[in-house]
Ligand SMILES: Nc1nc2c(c(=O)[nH]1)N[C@H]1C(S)=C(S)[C@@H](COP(=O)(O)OP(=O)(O)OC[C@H]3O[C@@H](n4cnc5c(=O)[nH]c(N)nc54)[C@H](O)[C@@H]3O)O[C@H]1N2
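As a starting point, one isolated chain is supplied in structure tokens, in the form predicted on its own.
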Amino acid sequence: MERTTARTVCGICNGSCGMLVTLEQGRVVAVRGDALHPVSRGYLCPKGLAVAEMVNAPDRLRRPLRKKPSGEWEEISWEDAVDFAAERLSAVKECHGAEAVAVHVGQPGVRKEFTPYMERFCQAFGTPNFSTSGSHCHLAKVMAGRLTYGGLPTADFANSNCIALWGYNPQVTNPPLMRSMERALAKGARLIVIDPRTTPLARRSDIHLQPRPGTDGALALGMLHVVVGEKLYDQGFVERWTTGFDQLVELVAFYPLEKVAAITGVDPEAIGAAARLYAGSTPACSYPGISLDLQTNGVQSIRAIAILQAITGNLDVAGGARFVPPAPLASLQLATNLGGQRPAIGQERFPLFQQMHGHAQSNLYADAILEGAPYPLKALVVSGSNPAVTWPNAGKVKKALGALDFLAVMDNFPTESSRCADLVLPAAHFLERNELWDASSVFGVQRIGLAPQLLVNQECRSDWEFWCALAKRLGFARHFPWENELEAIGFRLQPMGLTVDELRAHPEGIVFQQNGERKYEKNGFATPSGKVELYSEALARHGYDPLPAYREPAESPLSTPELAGRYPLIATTAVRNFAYFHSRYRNIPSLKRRAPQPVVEMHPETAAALGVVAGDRVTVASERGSIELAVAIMAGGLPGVVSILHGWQEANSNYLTDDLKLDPISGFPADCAVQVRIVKLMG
């Protein structure tokens, strides 16, 4: 049998890893890394290597399914599925208004080509309620960066002399970036790890700080106290390129190391040593992970870290944090929303989130469905997301999904959310569609390429195809004039002067721009003042603290002592495992063997106090709900702090998390600081 091998780029995450796919009679038979790919250089993680299993999995969704009144499923054609969705959405719009319909896309849509078409659909339909996984992932960090210096820079690990990782573990979350970091460490770069868990990377660090979960903001202010008090900052940069330095000096004066140590539990001498190492190792870079987003003081904590990056003179320089603009693709935004003037859900409570991103805050959808606040939400269409597992307060979310007049879910596999749906749509795998990739946001390399369609699947359709078909069925054809994905991609490439054929001819991608250093010296920063805003007038205008002041977590032994008396342990519930990607791929055999069951990790002292050993079954409970898990012992962690791997349907950590106590600026949940209790299961 004839075999062919094609070059493409993995679409599972945003790593843009080069992939060689071997095909035989239209089936994937082998996958390996592409050594010629300029970004990943031959690396593929276990998920990428399992692509053949994913594409050929026996439990893949392969036909549109409609739920009958009896609750049984019936297979229907794609044409009937589009008609059914159009009829139900039109009925909701007629009875309740366009804003009663929401559209949500999950992580598989992050920086993917179909997502802006979904947003365009919402604008044509008239609903302001388009949301993404950015409601609880990454966008809080984007907000902090934009408020401070006008954008979110990319850490240049490979050229850094000192790397500070705040709640970020690239060994698990982005191994190609870890390889860049390894090159810096091999040349003598110093490593600071801030993480309550003692990860393998933390064991390799020069300094490992273990703050109580949710107190990173206080730790950053303590480091700023040292940098400012000992004049370790870049005085020329501060004088010329910042505003609000005097106010910052006043703020950090309230955070001497002894006070910060009392808040965080970190030794004051270690805090001082980390501050001096970072400030004295230019160029240096800091990178806050998603665990910083998932705190009730998340935006301000990340702002404090961003300020530390800025005043030490490590902005837009090699080895520091580089501003790397993405590919300038043609916009798909309509001139105006074609519906009414109702605000997006979350717009009134979190106005800066909506202003900066143009999205609704999906963490408030359950209240809109169940309580009609701020107005009723009656229909939801979900692409590549599993809200019943990944949204906070999962018990409430599942109740809300069941109360909708219409729920449609589009995915590769059945999920907990699809079981609640009225319509389930089988999505094409990334090998079954055409996709652009851009290495700028993750790797700081301004290179764009095309991941071409390698497989033909007559049963599944791409998200792009579905949304274009639905738009045309509802009468919005003039806003969706493209005949196919490649034509639409060609439209997107026009501002760059590139064509689809040119990208096809260069599977390694095309460099579209050479990024310079210290671009602010010519153009200033993309802030109202043109400078780094240590004191944010935008925050002040909206009633927030203009400085990155520390606020105790909404649930903690200090802020809620009565609650902590009943739930004495602190849980971080957003821990990731190398085998999986959030809630995805636990059905893939080779990955399931790597991590066969959900566990709760705890310090040996915590286990001894609970009377449990590794492998024991326990119940973990919060005010919202409870789950059962196996115990894993983690030496070197923090006593009284437990870590739960997220994304498991059968032990969903989001039954523990809260959808009410949210970061006041971003609306993000506090998944990384939840008060829980643990009880051993007998028998």
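Remember, predicted model here, so these are calculated numbers, not experimental data. Numbers for residues come from their place in the sequence shown, where the first is 1.
Beyond what is shown, the protein has a form predicted in complex with the ligand; the following relates to that form.
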{"item": "4.5 angstroms heavy atom contact with the ligand in the predicted complex for I290", "value": "yes"}
{"item": "Close approach of T148 to the ligand in the predicted complex, 4.5 Å, heavy atom", "value": "no"}
{"item": "Non-hydrogen atom contact Q295 with the ligand in the predicted complex at 4.5 angstroms", "value": "yes"}
{"item": "The ligand contact at H646 in the predicted complex, heavy atom, 4.5 Å", "value": "yes"}
{"item": "Within 4.5 Å of the ligand in the predicted complex, all of V28, A408 and N457 (non-hydrogen atom)", "value": "no"}
{"item": "The ligand in the predicted complex: contacting segment from 603-611, 275-283, 70-78, 192-200, heavy atom within 4.5 Å", "value": "192-200"}
{"item": "The unique member of S205, N386, Q347, S536 whose heavy atoms fall within 4.5 Å of the ligand in the predicted complex", "value": "N386"}
{"item": "Partner-contacting position among V227, A574, A379, I271 - heavy atom within 4.5 Å of the ligand in the predicted complex", "value": "A574"}
{"item": "Any residue of 635-658 that, in the predicted complex, places a heavy atom within 4.5 Å of the ligand", "value": "H646, S653, N654, T657"}
